[in-house]
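First, one chain by itself in structure tokens, the form predicted alone.
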Amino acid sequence: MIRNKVYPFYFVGGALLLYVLFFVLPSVMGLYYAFTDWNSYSPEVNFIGLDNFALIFSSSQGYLRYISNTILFTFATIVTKTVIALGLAVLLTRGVRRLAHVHRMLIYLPAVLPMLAVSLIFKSILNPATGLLNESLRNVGLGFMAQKWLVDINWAMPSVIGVDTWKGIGYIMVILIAGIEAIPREYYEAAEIDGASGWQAFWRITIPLLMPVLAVVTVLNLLYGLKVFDVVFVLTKGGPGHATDTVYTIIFDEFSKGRYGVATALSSLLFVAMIGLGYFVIRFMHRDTEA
């Protein structure tokens, strides 16, 4: 019996070894280097305690702004993706019947496109001088709505959020559709017999029973938002004036400058934040289900 229980570990041994070598070990080493002055200018690596973290949380260094930008991006994309995707999921399961699968495919299509390609396309579309969006607005007499989307400090972050939301809605929608279709139809039939409106059925049946799926979706969006890099780097490179810089773009910048100790400290903070927030979100959103 004992041998039978141990036997399956032979199959996971190779994958477990690779996981330890390429994930666990670098993570532990990163945590150590976060407390050092590791850099490209000196071969010596000295332990400096919490100096890197004190530097990060110093208001004079600007790191707090990058952290706030990351929080803003994460919160905004979680809300916009979830709300729009939930509306589309309900529409394509309870409303639209004709060609519903075609609509789902078309909405999901951006999710399979590389973020690099999407960002490059939207960088062209949002060009303030020759971009398709501003040109279209001018051609239909709405030139006053044309903006300097990616170069205006007030519009850069909303533009990045909009591009990321456009790409990610389909992926979230598919997950929510699976959750909605798993809800027994009998609940809605009983609610209809009792005279409940569609809105009441949505709030009293769909949302409560969809809460575990919403928790998964929220955690996925949270983890993605906190470590966002590619869409920001391609569209704005963190500009204008650091208005769209996030923690990961600054980590990239710090590594490029050879300030490895500060970069690993930022990475460690982000790693701890993702674990803590992910656990909190799951526990909070499962609270009513467990009760």
Partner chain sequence: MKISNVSLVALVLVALLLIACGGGAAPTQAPAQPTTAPVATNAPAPTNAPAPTNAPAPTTAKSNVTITYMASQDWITDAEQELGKKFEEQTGIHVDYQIIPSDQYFNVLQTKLNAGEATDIFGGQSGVTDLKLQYNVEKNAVDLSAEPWAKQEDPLVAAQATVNGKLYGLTYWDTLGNVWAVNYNKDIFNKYNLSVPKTYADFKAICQTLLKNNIQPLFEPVSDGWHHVLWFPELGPRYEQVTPGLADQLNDNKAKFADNPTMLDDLTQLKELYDLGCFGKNALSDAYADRTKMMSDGKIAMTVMSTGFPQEVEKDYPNVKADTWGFFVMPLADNQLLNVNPAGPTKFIYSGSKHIDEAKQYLNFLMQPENMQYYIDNSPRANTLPFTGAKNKFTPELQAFFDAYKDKRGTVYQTAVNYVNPQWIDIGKDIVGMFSGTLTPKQVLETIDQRRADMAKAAKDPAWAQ
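Positions refer to the first chain, counted from 1. Being a predicted model, the structure only gives us computed values, none of them experimental. Rigid core: the largest C-alpha set superposing within 1.5 Å between the two forms.
One more form of this protein, predicted together with the partner chain, exists but is not displayed; see below.
Here the marked residues 17, 128 and 153 all reach the partner chain in the predicted bound form, each with a heavy atom within 4.5 angstroms. At least one heavy atom of residue 238 is located within 4.5 Å of the partner chain in the predicted bound form.
Contact annotation: residue 42 falls within 4.5 Å of the partner chain in the predicted bound form, judged by heavy atom distances. Heavy atoms of residue 148 reach within 4.5 Å of the partner chain in the predicted bound form, making it an interface residue. Though the partner is left out of this view, residue 68 does not reach within 4.5 Å of the partner chain in the predicted bound form, counting heavy atoms only. In the predicted bound form, 233, 237, 238, 240, 241, 242, 245, 252, 253, 255, 256, 257, 258, 259, 260 are the residues of 231-262 with at least one heavy atom within 4.5 Å of the partner chain, listed from first to last. After superposition on the rigid core, displacement of the C-alpha of residue 24 between the shown form and the other one amounts to 2 Å or more. Here residue 15 counts as shifted, since its C-alpha moves by at least 2 Å between the shown form and the other one after the core is aligned.
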